[in-house]
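Okay, so here's just one chain, in structure tokens, the form predicted on its own.
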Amino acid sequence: MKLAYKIILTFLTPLVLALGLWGWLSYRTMSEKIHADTDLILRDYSDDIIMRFLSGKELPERFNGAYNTYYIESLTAEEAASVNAVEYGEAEAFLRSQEEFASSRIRKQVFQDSEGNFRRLTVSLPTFEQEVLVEHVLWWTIILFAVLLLALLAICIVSLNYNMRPLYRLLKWIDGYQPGLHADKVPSDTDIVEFRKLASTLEEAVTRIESQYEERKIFIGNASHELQTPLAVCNNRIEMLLERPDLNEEIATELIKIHRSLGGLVRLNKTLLLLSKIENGQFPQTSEIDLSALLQENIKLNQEIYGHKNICIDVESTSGCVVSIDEQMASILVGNLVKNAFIYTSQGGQIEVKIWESGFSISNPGTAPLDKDMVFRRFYQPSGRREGATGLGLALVYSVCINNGLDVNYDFENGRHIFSVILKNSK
């Protein structure tokens, strides 16, 4: 989960609870206020009728517009003592203006007339208008809650994205960074202390990485160069020993094994030296190379070498693929990919080659996908070390592409390993 989403979710939970509690309290307060006002109207109306009744004045009509009705009943002393002096409740009362019964709020009050007789006044007020008002209050509270929540969420997202821009720039820079390649300066143009400290730490780490990377390249180049002569001398001496007439079979067998092992070391040394030269930019001469023609040549050559495997080749070409690259590096790129496909294709398998204007792809059958993060690493051999293999073929391919404005990708689809080389500016 992204940091921005995590912060928003963390912020959203207490926000929803707080706004929900606020909305509930607001609704309850307004609802109770409406009911209290209704009871106050009933109390004033009841007091007016009682005063008129006690003073002998004319009583108002029982059906009085908005007020539903009232009536006065006589009580015995025992009945008066058994009920509350004032009592509120809900009941169905006849509403003459609507010619039907409606839910109403009622108030009952016990009083004594001038002769000491007990009376009970019951007044009622229809509550459908108050219910509609309460319902409106509820809906507007919900709408206000939703609007506030969305507004605060939008403000949070905008504010977070604005203030997190330095971090996003750093992450974008990290995604594009590759050791050994000239990279832009670490972005640190921010007034946020934490991000400036992060950028400073990252810049120090990159400086160390670049320094170690350069040291490694120099070491590998020097070591490979220095090993060339002693390896050649050892090979020559073994070959001289193998030509001696007094050599017995047992010693000859051991010398042949040593010679084979030295051959592997020589190939490894040459490949490492070649990698070092590529990374150090020692192939500056470029020309327009038609990779499609180079692919056809390498396919024919490997068909002759691996003819015993009866591999079927399917080439689909829509146009030529011309790249500005050193001729030797182009041969390394195409040769390693084609050879790799032939080596790892089983007896009677099929290799598919697709060529278009901005790139090409080579695919061969496989049983399981390779590790995308490791496939172009040096010495990576997924099926175990194979005799005669250095594990540097795809590393060479990757190095050639990186240093010549090409992208190399690996995918596994429908039981096939697919290696694609594409011009970066054609994406």
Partner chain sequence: MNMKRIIISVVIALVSLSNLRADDIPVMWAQLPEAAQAFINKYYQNEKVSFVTVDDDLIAPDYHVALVNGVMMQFSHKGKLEKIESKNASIPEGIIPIQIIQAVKGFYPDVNILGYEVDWNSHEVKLSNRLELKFNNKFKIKRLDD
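Residue numbers count along the first chain shown, from 1. On a predicted model such as this, the values are computed, not experimentally measured, just so you know.
Heads up, the form predicted together with its partner chain isn't pictured, but that's what we're talking about next.
S.K.: Okay, which stretch from 356 to 364, 397 to 405, 36 to 44, 369 to 377 lines its partner chain in the model of the complex, with non-hydrogen atoms inside 4.5 Å?
M.R.: Result of the contact check: 36 to 44.
S.K.: Quick one: from D189, E203, D314, D113, grab the residue that has a heavy atom within 4.5 Å of its partner chain in the model of the complex.
M.R.: Selected option: D113.
S.K.: Name the single residue among S103, T141, Q109, S292 that comes within 4.5 Å of its partner chain in the model of the complex, judging by heavy atoms.
M.R.: Partner contact (heavy atom, 4.5 Å) among the options: Q109.
S.K.: Would you check, heavy atoms only and a 4.5 Å threshold, whether E61 touches its partner chain in the model of the complex?
M.R.: Residue-level check for E61: no, no contact with its partner chain.
S.K.: Just checking whether A85 would be counted as a contact of its partner chain in the model of the complex - the rule being heavy atoms within 4.5 angstroms.
M.R.: Answer yes; at least one heavy atom of A85 falls within 4.5 Å of its partner chain in the model of the complex.
S.K.: At the 4.5 Å heavy atom threshold, is L12 in contact with its partner chain in the model of the complex?
M.R.: No, L12 sits far enough from its partner chain in the model of the complex that none of its heavy atoms falls within 4.5 Å.
S.K.: Counting only non-hydrogen atoms and a 4.5 angstroms cut-off, does L17 reach its partner chain in the model of the complex?
M.R.: No, L17 stays farther than 4.5 Å from its partner chain in the model of the complex.
S.K.: For the stretch 19 to 35, which residues lie within 4.5 Å of its partner chain in the model of the complex by non-hydrogen atom distance?
M.R.: Contacts from 19 to 35: L21, W24, L25, R28, T29, E32, K33, H35.
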